[in-house]
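Just the one chain here, laid out as C-alpha cells, in the form predicted alone.
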Amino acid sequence: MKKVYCIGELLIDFVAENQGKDLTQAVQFTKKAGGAPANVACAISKLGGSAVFVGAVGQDAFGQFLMDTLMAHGVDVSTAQRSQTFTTLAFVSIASDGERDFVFSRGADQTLSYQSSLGKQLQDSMVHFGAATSFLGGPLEDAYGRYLIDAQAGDCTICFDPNFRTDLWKNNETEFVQKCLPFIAAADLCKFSHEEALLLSGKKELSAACAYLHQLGCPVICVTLGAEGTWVSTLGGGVLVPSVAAKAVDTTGAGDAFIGCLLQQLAETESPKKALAQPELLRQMVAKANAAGAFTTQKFGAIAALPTQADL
C-alpha cells in the first residue's frame, strides 16, 4: 500500500446551528475539524489507507484539537507544523438544500514551510494537492510549488483538486487559473467541480472543457456533478458514472470523501498510474468513490461524516 501525502490546510469549521439559513442570520456555531486536504487524509485513513497530512496549525487550543482529531482518525501527523500564528478558521452555514455559505479567517495554514527532507520522502508515493488556500501567498504557496517539483522528480502519482472558493479570490479568478495550470499539467489525476472545470478551461461546455484540460497535460479528469454522479474523462473519451441516492443534509466534505476514497483504492494497487489507465477499473473505483461522497452528505460536518469500508 502506498502512502498518500495530503498537502494544505487544516482548520476549524464553525458550523451554524440554525441550518437552512445563511451566515447573516447565524447565531450559534458548532466547532468541527475541517480543511479539504485534512478531510481527504481522514477519508483515506478511515477507509484503511495510509495518509500523511502536511500542513500547519497554531500552537493554540484549536490547533491541538485539530491535531488530536487527525490522530484519532489514524492520520500520520509527523510532518505537520505548529505555528505561533493563530489557527485558521472558517465560518459555515448550510442552506436548506445542503449548500454552503463560507467566510474564511486565515491564520496558521499559510505559514507552512518547505522541508527538503520531506521532499525526499515523497519518492514513489502518492501526493494530493488539494488546498483551497495554497495560492494566496506566503510560505504555503512556496512550499506547495516546491513539493510539486519534488513529486514530479520522485515519480509520484500526483492528484490535484483546486478547491476554488469565490470568497478567497474576490473577482481575481484569472490569477487563480494561472496558478493552477502547472498543477494540472503535472497531475496524473485531477478532480474538479463543474464550475471549476469551466473556470479553468474558459469553456462553456463540459466536454470541451475536459478536452482543453487534457491538452494541458492531465490524462484523467473526474468532474463531480453532485447527485448526478461523476463525469470521468480520459484521453479515450468520457463517461458519466452515476451516483447513489442520498438525502443530503450537508454537502461539506462530499468532494473530499470522493477523492479520498478514489485515492485509497488507487493506493492499494501495484501501480496507481497503470490503474488510472484501465477504463473499466477506473469506472468501478469512481462508482465506489461516488458512494463515499453520497454517504458523507447524510450527516453534518466533514470528517465526522466520512464513511468506513463497512459503510460502503
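Counting begins at 1, following the sequence as shown. Because the structure is a prediction, the values reported are computed rather than measured.
Just so it is clear, the following notes concern the form predicted in complex with a small molecule, a form of the same protein that is not shown.
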item	value
Segment assignment from 167 to 175, 135 to 143, 68 to 76, 226 to 234: heavy atom within 4.5 Å of the small molecule in the model of the complex	226 to 234
Contact of residue 243 with the small molecule in the model of the complex (heavy atom, 4.5 Å)	yes
is_contact(residue 16, the small molecule) in the model of the complex, heavy atom dist at most 4.5 Å	no
Heavy atom of residue 254 within 4.5 Å of the small molecule in the model of the complex	yes
The small molecule contact at residue 258 in the model of the complex, heavy atom, 4.5 Å	yes
